[in-house]
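Just one chain follows, in the form predicted alone, and it is written as structure tokens.
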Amino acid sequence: MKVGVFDSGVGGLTVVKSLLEHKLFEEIIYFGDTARVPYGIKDKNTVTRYSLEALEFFKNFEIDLLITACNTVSAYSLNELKEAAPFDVVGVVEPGILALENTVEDKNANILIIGTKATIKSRAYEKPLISNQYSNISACATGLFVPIVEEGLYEGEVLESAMHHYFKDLEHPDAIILGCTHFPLIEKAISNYFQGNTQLIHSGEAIVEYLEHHYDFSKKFEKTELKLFASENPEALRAVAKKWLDL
């Protein structure tokens, strides 16, 4: 089985990491639209146009499934992708919601959602959680985290300053939904900021759980071929992949 993974930049590699660890696919085709990252500051029409252009790229490969490993795309453009694609398309928002529901049983728990401006504006996470009776939800657009991650600054003064800027006035959360696939790359720093006693939910593990419930993965692959593509500076993407995926 062959899968495509699409993200605005390097963040989707956090999803790839989980896919590799669980040996679900024979081949993974990754495309990061690094020339136009970040998507989270763009309007819905622009995000949809970029997403459909990426879809044309994946039509060059005989993939069985496309994962939009970008929360902004998943929130804004998933339906348009599903309608236009000749293969199944799966987003990361719904798996993230299911992972939160499976992890946090207390409907009064203090849940914080962080993501890009576009993802937070869409309320793609909040609406289903509220419908499922979660009553203490807050959301914070943390768009600076994306360029920080793209710069490879997974710790240090710049990241610490950004976290303080966003989190200093927030009540301590019981759980945080990392509503951007870039954010698991700074998961350790976020956990340390909240002193390690906050549950973090991210798309990598969530998507694996979701896929295993919806598709037949009775066959595991000992070796997965990974092909990396980027719309700009593919060397930088490969450098992050080498570090993050232990290639």
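Each residue number is its position in the shown sequence, starting from 1. Computed from a prediction, not measured in an experiment: that's the story for all the values here.
The same protein also exists as the form predicted in complex with a small molecule; that form is not shown, yet it is the one meant from here on.
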Within 4.5 Å of the small molecule in the model of the complex by heavy atoms, the stretch out of 161 to 169, 83 to 91, 127 to 135, 68 to 76 is 68 to 76
Exercise. Determine whether any heavy atom of Val37 comes within 4.5 Å of a heavy atom of the small molecule in the model of the complex, and answer yes or no.
Key: yes
- Query: Can any non-hydrogen atom of Val146 be found within 4.5 angstroms of the small molecule in the model of the complex?
  - Reply: yes
Could you confirm whether Thr142 comes within 4.5 Å of the small molecule in the model of the complex, counting heavy atoms only?
no
